[in-house]
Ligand code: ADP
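Next up: just one chain, as structure tokens, the form predicted on its own.
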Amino acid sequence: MDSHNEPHNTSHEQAGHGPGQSGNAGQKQRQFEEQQQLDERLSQIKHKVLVLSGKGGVGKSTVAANLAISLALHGKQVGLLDIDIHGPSIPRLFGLVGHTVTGTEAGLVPVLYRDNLKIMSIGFLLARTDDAVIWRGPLKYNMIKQFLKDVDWGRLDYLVVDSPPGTGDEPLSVAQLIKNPAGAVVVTTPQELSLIDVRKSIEFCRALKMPVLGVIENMSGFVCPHCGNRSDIFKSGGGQTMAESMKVPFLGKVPIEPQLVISSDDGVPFLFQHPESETARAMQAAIAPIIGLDEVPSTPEHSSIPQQKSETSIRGEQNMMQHGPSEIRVAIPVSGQKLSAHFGHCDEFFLADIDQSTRTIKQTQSLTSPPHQPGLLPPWLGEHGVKVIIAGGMGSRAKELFAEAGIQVITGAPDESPERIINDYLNEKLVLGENVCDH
């Protein structure tokens, strides 16, 4: 019987049907399908930003959390992925300890924080917060791949990835899986002990041909909560000097305040709780240029960041910097009593004078739109005192003209009545989608 089976098996192997080759073919097919799923998922995310640090304890996760918050406050659709397998901090920073994730046919559902920030962390998958994850490299790689491939992120403007310290398995895995990240934000503290390891992170990025978006010098001085004086307990300026010597952008110095520790333990992002503090202002200034990725992407050759802000929402203006007067005039293009998909072809403009400090509408009026003429609307609305226009879609050239007229542009607004849009705008509930016109 064996003598009959051996030639039979040999003939199948020669024909390409042996068990070894069949298994290899099946494995290649599975790998092909997985790569397709990964590519499809990542194709819905415009910008992938890694937050790295060469050394632990420099506040990297705090920077990543507040970067994601800042982008969300500017009306962007944001995902925050915590790939620190052994020490996930993001659930604690957002007050989400104990939350779990569910699965649907579309994939794992990330935890929704507010209306435009989705969060995923291995911390949501552990039975207890004290459980230790004891994994080697291949298991970490597969988990990170699952976070990218199987999580139903949907369409995102930004995916912020909080990586563990160093240049090991996790940052290497995510950089290779993403393939084309927008770049990395590198976090350091001022002292030389931290800077030595940060230089390694920058070289890590260069080895992978990943742009360095910039260096943030965290814990750069201590601000006394009583007198407001600042002391450089960890020195100051080392990060800036290092960034200049390595020819990468320097994003700024962020001091440390006791309230930052309290906010982190309370699970309330610092930018929400203390938007007017020196630390919050410094962090806003440090990470704001990254918002410009939505306008002019940085290039690997220069590793530079454009300084121009992209479109923002009322969340950013109210909760963060409170720029300008409290009373402003907002314009909404209207056709058929609803927002017009394209501002240049509307029937009229709904104008609302609003008080940002009290979140109230002072008065409203309607203006018949002038005859369509390229370049006319920005100065025309400027003459009527408009400071913000909320539209469904707008081309890049029109945005430039509005910016020159001193008018802020928000696109991607829903097809709703202007009254509903204004109320959502005032109450930080305005959900923005894609720019429906970008010619």
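Source: prediction; values computed, not measured. Numbering starts at 1 and runs along the sequence shown.
Keep in mind that the form predicted in complex with adenosine-5'-diphosphate (ADP) is missing from the display, and what follows is about it.
J.: So which of Lys145, Arg206, Arg92, His342 gets a non-hydrogen atom within 4.5 Å of adenosine-5'-diphosphate (ADP) in the predicted complex?
T.: Of the listed residues, the single hit is Arg92.
J.: Using a 4.5 Å heavy atom cut-off, which residue among Gly406, Gly375, Pro370, Gly57 comes into contact with adenosine-5'-diphosphate (ADP) in the predicted complex?
T.: Spelling it out, the residue with a heavy atom inside the cut-off is Gly57.
J.: When adenosine-5'-diphosphate (ADP) is placed as it is in the predicted complex, which of 347 to 355, 151 to 159, 260 to 268, 241 to 249 ends up with heavy atoms within 4.5 Å of it?
T.: Result of the contact check: 260 to 268.
J.: Any of the heavy atoms of Ser61 lying within 4.5 Å of adenosine-5'-diphosphate (ADP) in the predicted complex?
T.: Yes, Ser61 lies within 4.5 Å of adenosine-5'-diphosphate (ADP) in the predicted complex.
J.: Would you classify Met219 as touching adenosine-5'-diphosphate (ADP) in the predicted complex, given a 4.5 Å non-hydrogen atom cut-off?
T.: Taking the distances in the predicted complex, the answer for Met219 is yes, it comes within 4.5 Å of adenosine-5'-diphosphate (ADP).
J.: Leu73 near adenosine-5'-diphosphate (ADP) in the predicted complex, any heavy atom under 4.5 Å?
T.: Taking the distances in the predicted complex, the answer for Leu73 is no, it never comes within 4.5 Å of adenosine-5'-diphosphate (ADP).
J.: Hey, in the predicted complex, is Pro255 touching adenosine-5'-diphosphate (ADP), heavy atoms inside 4.5 Å?
T.: Yes, Pro255 sits close enough to adenosine-5'-diphosphate (ADP) in the predicted complex that at least one of its heavy atoms falls within 4.5 Å.
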